Structure formats: structure tokens, C-alpha cells
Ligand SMILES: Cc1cc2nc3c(=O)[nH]c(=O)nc-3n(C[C@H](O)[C@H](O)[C@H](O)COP(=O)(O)O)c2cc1C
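Listed next as C-alpha cells is one chain, alone, in the form predicted on its own.
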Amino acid sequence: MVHPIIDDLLWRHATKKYDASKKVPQQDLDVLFEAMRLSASSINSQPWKFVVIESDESKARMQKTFIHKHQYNQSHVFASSHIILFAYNPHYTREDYAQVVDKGIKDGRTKPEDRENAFAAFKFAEFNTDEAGNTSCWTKAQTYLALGNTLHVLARLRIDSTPLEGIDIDLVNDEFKAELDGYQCDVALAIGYHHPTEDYNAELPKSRLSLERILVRL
């Protein structure tokens, strides 16, 4: 199939080695961050926070979190251009959704007189809240929607990336506790530009299951 979107998806791969001399330019970061903000989420809940690690000081903090495990991903911290922590709100409340509703009123999406009616959608969040007020199963899923959108946008921008579930969740959340401010990070993303000779994955052919294997049309 010949199509620009397919070309982008065939181009992207999980980068195994970055070129530390190359940084993502600010104009591309601006597009990326706005695209992340525009990610889809259930009932437009937007229960996320994105912590961008770009300074040498913050990278040194991130590097410390690999002391116990997942050292195979440690090299990405300083070699990549940026590391992005994808975090979710584990206790999403009506007050959190009120911020979404009020922003919708400000943006002209909802009429002020319809404010209370707009909370009808919050019932879905309540269905996904346990007795202790924990919404993690639901809000974490929304964060992966944002991650998927981010990966596609990076491919469109021809910026390499590596999703990092191989992080020490406990140490990451402790080290960046102040910045996360109650949000939980279970996955990160390295972005930058792959090393021209040492990123073995860049030259391997794309391999996916056949469309017939995964798609059912009724």
C-alpha cells in the first residue's frame, strides 16, 4: 500500500541506540507537545500529566532510577534528546472533571447554563472507580491513548522514539514526586534521532501479523 500515513508507520521503530549529538528542535517540540495536549481520552477526561526531562540535571535524576533494574534502557537517558514521563491521575474525581467542564465552557463547547448537565458523562468515571476511590485501571488506559498518538506524531515529524515500560516505577515516582504531584508514572518515552550505525533495529524489516489474522469485518 502506498500512502503517507503507511510510510510514516513503516518508518518508525523502537530505537535501540541514539545519536547524543542531535537534539529535537524547538519548533518540532512545539508541534509535539500541542499534539499530545490534543490526544483523545474517554469523556474528554484528560487525566494525565507529561513531565519532560531535558536538562542535564533532570537527566541525571532519571539516570539514578536505573540503579536496580532495566539498565538496558539507561543509555537512552543521556543519548536521546528528551525523556517524557507519561503519568495518570490514580484518583480522578468530580472536581478534576469540573476543570474539563469549565474549560469547555470557556472554549465555547458547552453553554454556561448547561454546566450541570455536562457532568452526566462523569457517570462513566464513577463506573471505573473502586470503593477506595482508585481510578487507575481507567486513567492509565487513557494515558496509553496519548502515548499512541505521540508515537504517530513523532513518526510524522521523522523523530525517533523508544517507549520505555522498562523503568523502575517505584524509583521514578519517588525521584519525580514533586513534579508528578500525585500522578503515577508507569511508562516513559525516549525521543531523538537514532545512531546512524549502531541502531541495529533501524535496518531490520518491519514485521507484523497479517491483516487477515487480526481484522474481522462483519
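Just so it is clear, the model here is predicted, and its values are computed rather than measured. Position 1 is the first residue in the sequence shown; the rest follow in order.
A second form of this protein, the form predicted together with the ligand, is not displayed here; the remarks below concern that form.
message: So the ligand isn't shown here. In the model of the complex, which residue out of 165, 34, 174, 181 has a non-hydrogen atom within 4.5 Å of it?
response: The residue in contact is 165.
query: Taking the ligand in the model of the complex as the reference, which of 78, 124, 119, 144 has a non-hydrogen atom within 4.5 Å?
result: Contact residue from the list: 144.
- request: Answer for residue 201 alone: is it within 4.5 Å of the ligand in the model of the complex, judged on heavy atom distances?
  value: Yes, residue 201 lies within 4.5 Å of the ligand in the model of the complex.
field: Close approach of residue 208 to the ligand in the model of the complex, 4.5 Å, heavy atom
entry: Output for residue 208 is yes: heavy atoms within 4.5 Å of the ligand.
- prompt: Can you check whether residue 14 is within 4.5 Å of the ligand in the model of the complex, heavy atom basis?
  reply: Yes, residue 14 lies within 4.5 Å of the ligand in the model of the complex.
task: Evaluate residue 73 for contact with the ligand in the model of the complex, applying a 4.5 angstroms cut-off between non-hydrogen atoms, and reply yes or no.
output: Close contact exists here: in the model of the complex, residue 73 approaches the ligand to within 4.5 Å, heavy atoms only.
task: From the candidate stretches 52-60, 165-173, 26-34, 152-160, select the single one in contact with the ligand in the model of the complex, where contact means a heavy atom within 4.5 Å.
output: This holds for exactly one stretch, 165-173.
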